[in-house]
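In what follows, one protein chain appears twice in different forms, each by itself as structure tokens: structure 1 and structure 2.
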Structure 1
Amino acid sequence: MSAPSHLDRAPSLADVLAHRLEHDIAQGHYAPGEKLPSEQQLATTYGVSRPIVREAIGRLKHDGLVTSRQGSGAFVAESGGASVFRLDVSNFKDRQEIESLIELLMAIESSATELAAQRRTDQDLIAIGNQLEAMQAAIERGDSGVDEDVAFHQAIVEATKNPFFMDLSTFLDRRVRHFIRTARANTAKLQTGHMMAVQDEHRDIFNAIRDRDAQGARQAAENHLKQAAQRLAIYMKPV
């Protein structure tokens, strides 16, 4: 079997490498139970840096495809080891994939927002409000506000006080981060009115959480994602 070729430099390079390693494992280049090459060897083989290799291996460990042995390195999991939930979004032209993703996010985020409205503390509300203001400042500066947007929703999840929601949110952020960032960045390319519409949706969410209106918070979160899906449809239209 021929040796794997170098990867081209591209965004989310760790994800690209993780996909490549997963493919090579599936093709038998690395057999079940086999020790993977060192970080430096993998970096040389695939033409990337060691931090990229480390991040990619971490992802494969999370997916159950790779295991660690103290002092011995990383090994390909035995057959059947990959028994955890896995999610990747890479094709933004696949409408069915995007619609399915929106359905999943809506179910999770609407429930988390409802719980946040019920359980939030004053400190939680301050944290959520701070990120809302940070997004507003980003809009006024002409920035996309992507990081502030992600932090806003993360603050809401933390207000649920449910560690499983927090873990799932972190997992989803890693898996669909590129989707979230692309949608937000594309929104920023449109008129300012579009950005303000998104901000109004965020304010509706914040106000419902502030008022401890659980049902209103759920509805505001659902509306936000529905509108996001519609905006994304605009970007997906042929030019």
Structure 2
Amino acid sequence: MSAPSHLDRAPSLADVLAHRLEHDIAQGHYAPGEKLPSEQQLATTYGVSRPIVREAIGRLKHDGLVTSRQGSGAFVAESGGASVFRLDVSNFKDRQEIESLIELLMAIESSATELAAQRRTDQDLIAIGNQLEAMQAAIERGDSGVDEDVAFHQAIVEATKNPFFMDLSTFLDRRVRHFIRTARANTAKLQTGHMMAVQDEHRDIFNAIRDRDAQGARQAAENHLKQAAQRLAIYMKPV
């Protein structure tokens, strides 16, 4: 079935070529705006076939590092560097990586909560309140409430109206939530006492947002995330 015993699969030729070109561009070997060699030429110099070159270049195009014009050639993108940022998270649960990820999540979420308090519309507030109630219902139902927890934070982030916050938060929440799930499967320890605390912290955040108290919202969010990180630490295996 799954059992993804990921031995490092051999990198494909397109992989190594893409990385090589990427490296050459970053190193300034090809200047911005410069035309890079034709596919045929790259194929011969690197000893691979043209489809491989196409795949590699296609990847760079996708990452905004080069743009190509039919009939003309491929050019490395101007405007210093890529127009898309890639955040690679190795699926592997490396403790260090998870902690770094959580730090980033805390930074994003606390700022987002502050902004949400400043900008929330009445509709935003209603949405956040609904998620708060959904969380309450989950608790009384005896559910894990992880999904509702995430939804609550998502509703807050959406009130910022900042797409970057929204996207990043979605991604990070997903990641961390996934980590929690897999980790919890090992320890299998339910903590209903914790959830009451979570809900109290959530309520503080909600009240601050309701009152448009930006500073208070930030502090409430920081407090909540700090507590959450501590609760989470239980699931972390000691190194």
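These numbers come from a predicted model, not from an experiment. For clarity, a rigid core is taken as the largest C-alpha set superposing within 1.5 Å between two forms. Residues are numbered by position in structure 1's sequence, first residue being 1.
Between the two isolated copies of the chain, the first is the form predicted on its own. For Val53, the Cα coordinates differ by 2 angstroms or more between structure 1 and structure 2 after the core has been superposed. Relative to the superposed rigid core, Ala220 undergoes a CA displacement smaller than 2 Å between structure 1 and structure 2. Once the rigid core is used as the reference frame, the Cα position of Glu39 differs between structure 1 and structure 2 by 2 Å or more.
The Cα position of Asp63 changes by 7.8 Å between structure 1 and structure 2 once both are aligned on the rigid core.
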